[in-house]
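Presented as structure tokens, the chain that follows is alone, the form predicted on its own.
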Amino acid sequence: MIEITSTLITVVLIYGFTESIILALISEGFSLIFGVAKVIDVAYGAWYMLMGYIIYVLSVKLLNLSVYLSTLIGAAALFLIGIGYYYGVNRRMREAPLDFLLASFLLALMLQSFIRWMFTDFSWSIPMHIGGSTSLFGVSVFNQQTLAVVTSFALLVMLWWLIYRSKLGMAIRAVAQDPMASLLMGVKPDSIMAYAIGLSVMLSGIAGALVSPVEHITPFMGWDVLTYAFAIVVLGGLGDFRGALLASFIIGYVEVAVLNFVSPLLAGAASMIAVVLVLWFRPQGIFGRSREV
């Protein structure tokens, strides 16, 4: 039996917040692509994985660039990849969500196979943006994790402002509600969807850049990210910003609490059980709206 102490509670509070805010960044990107394009992007975790390898190539393997510059280059590259992803795949399958689901799954497998061919299955390390650690209320926290929290919070605030306070955000919400009606109002749905998916892909990559330095990069790391993103978005209510944010904190704190109070072996299962229990009582998600058929 694990003894619950004030130190252990502090660990759960601090690391639970760290885990939750990063999960929020990951899930909001996934929620964005679903909210606008009404599709489930199974390749979403692959963008997270790809960013780690972009940084590895630019900072370690070939050019020896600073990790900051590598991250900026990777983010810009993923944004452009996301735009191409829309025009090359999503746009062609807009009326066939199941076909897009399959196509995105195959794309994820292709990217994984390519990475395995280039770098093998061996796990590699990438440099931290900032080294060392800091004691916070008696708990040691990597400075990289602190940077991840601050950056994720700033990006979430910027994303909220973009969606709910800017003209581009108004256009994104208009296209999400009714692409044809938005076209009549002078909005170009294709351009807006391309920007939204580019932003979604970039957010997944930035999350990978923030988290990967304290872990290792492998060709398989994207599947766990996809699982969490999907579970959070379903729990919060498909396409809802507030719901994804709240669901991220539910899953983040449940997982960290079980990991520290019960057993590390049950942490992942406990967070998924929490999702099932919430959906049992509210199938449409926390902020989702029930629909009549």
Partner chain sequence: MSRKTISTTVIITIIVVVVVVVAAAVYAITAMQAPPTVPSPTPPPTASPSPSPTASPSPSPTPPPKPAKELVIGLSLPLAHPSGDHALKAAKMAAEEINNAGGIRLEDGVYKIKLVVEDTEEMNPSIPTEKGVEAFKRLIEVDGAKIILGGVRTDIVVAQSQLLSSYKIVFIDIESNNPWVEMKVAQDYPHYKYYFHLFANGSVFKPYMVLFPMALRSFSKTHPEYPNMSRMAILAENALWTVKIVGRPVGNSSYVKALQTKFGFDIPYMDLYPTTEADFSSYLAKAKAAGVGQILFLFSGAPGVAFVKQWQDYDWSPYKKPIVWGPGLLGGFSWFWDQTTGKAQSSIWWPASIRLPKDWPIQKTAEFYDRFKAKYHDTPNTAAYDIYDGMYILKIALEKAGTWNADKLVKALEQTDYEGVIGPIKFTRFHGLEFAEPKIYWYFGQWQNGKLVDVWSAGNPKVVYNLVMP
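Computed from a prediction, not measured in an experiment: that's the story for all the values here. Positions refer to the first chain, counted from 1.
The next section is about a form of this same protein that is not shown, the form predicted together with its partner chain.
- You can rule out all but one of 120 to 128, 161 to 169, 73 to 81, 191 to 199: in the predicted bound form, only 120 to 128 has residues with a heavy atom within 4.5 Å of its partner chain.
- Residue contact with its partner chain in the predicted bound form: G205 places no heavy atom within 4.5 Å of it.
- Taking the partner from the other structure, its partner chain in the predicted bound form has a heavy atom within 4.5 Å of a heavy atom of F142.
- Looking at S133, you'd find a heavy atom of it within 4.5 angstroms of its partner chain in the predicted bound form.
- Though the partner is left out of this view, F220 does reach within 4.5 Å of its partner chain in the predicted bound form, counting heavy atoms only.
- Along 256 to 276, a non-hydrogen atom within 4.5 Å of its partner chain in the predicted bound form is carried by V256, L259, N260, P264, L265, in order along the sequence.
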